[in-house]
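In the form predicted alone, a lone chain appears below as structure tokens.
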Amino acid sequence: MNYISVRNNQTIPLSSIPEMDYPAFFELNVFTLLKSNTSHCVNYFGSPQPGQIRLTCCIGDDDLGLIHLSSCVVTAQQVLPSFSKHHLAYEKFERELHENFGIAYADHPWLKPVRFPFNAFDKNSSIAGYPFFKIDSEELHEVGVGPIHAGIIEPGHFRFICNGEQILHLEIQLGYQHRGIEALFVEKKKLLQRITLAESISGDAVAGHTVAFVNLWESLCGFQADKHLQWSRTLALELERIAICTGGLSGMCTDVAYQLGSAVFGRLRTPIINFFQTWCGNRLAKGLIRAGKTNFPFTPALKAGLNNVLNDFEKDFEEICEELFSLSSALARFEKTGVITQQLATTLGTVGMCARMSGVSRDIRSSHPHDLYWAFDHQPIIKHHGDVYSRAQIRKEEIRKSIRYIRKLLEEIPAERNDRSSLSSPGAGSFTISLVEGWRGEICHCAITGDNGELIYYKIKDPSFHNWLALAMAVRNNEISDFPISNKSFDLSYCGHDL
């Protein structure tokens, strides 16, 4: 077999990943492993070797709960046929390979810069010279928005081509805040430094990215987290989901000028993040999740406090949802706005909410469960219209489901293990992949260790990496005045993309 299959959070020898020539690698990952729509690329990256680049492709099989791994060694001097010509979901992965290593593709449909890293292969490439798509016509005009925005969103440039008010094309240029986080994971040697980096990948997904890192690190070290650790991490992920989805509904109300919804949903987010403050001293859950241990074990007093928070939250949440989802002026802005069809969602390789809004069942909690999600028999929330309304409904129903999961978790708090052993060092020459379903969707972390067990390569994929192109496609043929609500309904991460 020219690939090896692993489970989520499984560590294997790096040498066990089959290595083949590029034609065989191409055939496997373009035509063989992606024959079913229930399979998708969870990561595809290059790691440097002396004079060469090792390509590693990770295909998630959502039916079997497996991740199929294969590899290939190429040089920057080769001109390769692109995966993207046949599966557009690969387009940004290959653009990143081109930007980082200079790998050329003969037939890539959109070979443009992704992040403008400080160590890019082409030192002459700069964000100021980004090659925007243009249409020459006296009847069309361009509208540039950002990278500095009037609101509080992060830096990103949106270049619209419009016919009057109608958007014909949107190109999204990111890369303004590239922080070199992947390189810092290798550069920093202390575990606490690396956990702090994981907490800083995306400020609204602290629990998601930190759980991905600690699960990966414990696997590398051969450490099995006890039930209390898994319980705490599952609880943190679902609290984060409630908080951010509630804040998202507030923002969506703001963008359609529904001030009552904006105020109430915004107020409801506060006690959820304040509970994190009570639990661990930080409203975004920084400091809560640690590899091999917890500094903040959950107590009966915290249980009572969280039950009170949820009781108060649920009553007001249901009342404001009833108001919002029966308000004709809001629904008129939500329905049939920013549509992504099921076919397009599949073609683009969308994940998380952006997949499920269009009838694509993609949810790591169900397909590749981690921590205590195996106990929930999680059924993904699926909508079929792919519009702003579907994205709002998914948020509402995700919040309700998270509350049910948390109440189930609170029925029995596992005891913390008293004989906790310390983490050993990572194994030598190893590869590990960790998938987590954050509130936004599928988070993926991969790590490679060297001959002495030292970390030599670290790869991060935020769900936004898959989904930014979906936003650009969703607003086509919409009026430009509807862009803010479409943008907020996707609610993608700038820093999680830029890294």
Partner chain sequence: MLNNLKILFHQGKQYIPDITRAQVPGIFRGRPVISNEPVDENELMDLCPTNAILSGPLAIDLGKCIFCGECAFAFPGKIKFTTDYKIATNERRQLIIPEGQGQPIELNPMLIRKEIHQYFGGSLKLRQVSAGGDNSCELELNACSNVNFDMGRFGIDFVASPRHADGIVITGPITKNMALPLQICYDAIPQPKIIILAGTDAISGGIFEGGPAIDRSFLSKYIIDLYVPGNPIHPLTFINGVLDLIKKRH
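Everything numeric here is computed off the predicted structure, so don't read it as measured data. Positions refer to the first chain, counted from 1.
In what follows, reference is made to the form predicted together with its partner chain, a form of this protein that is not presented.
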#### Entry: its partner chain in the predicted complex reached by all of 118, 180 and 188, non-hydrogen atom within 4.5 Å
yes
### Query
Which one, 221-229, 262-270, 396-404, 75-83, holds residues whose non-hydrogen atoms are within 4.5 Å of its partner chain in the predicted complex?
262-270
### Query
Here the chain is shown alone; which of 361, 166, 308, 196 has a heavy atom within 4.5 Å of its partner chain in the predicted complex?
196
### Message
Please identify the residue among 381, 89, 409, 320 with any heavy atom within 4.5 Å of its partner chain in the predicted complex.
### Response
320
### Residue contact check: residue 283 to its partner chain in the predicted complex, 4.5 Å heavy atom
yes
### Message
Please determine whether residue 200 contacts its partner chain in the predicted complex, using a 4.5 Å cut-off between heavy atoms.
### Response
yes
### Query
So, in the predicted complex, is residue 301 in contact with its partner chain at a 4.5 angstroms heavy atom limit?
no
### Message
Considering non-hydrogen atoms and a 4.5 Å limit, does its partner chain approach residue 154 in the predicted complex?
### Response
yes
### Query
Is any part of 479-495 within 4.5 angstroms of its partner chain in the predicted complex by a non-hydrogen atom, and which residues would that be?
495
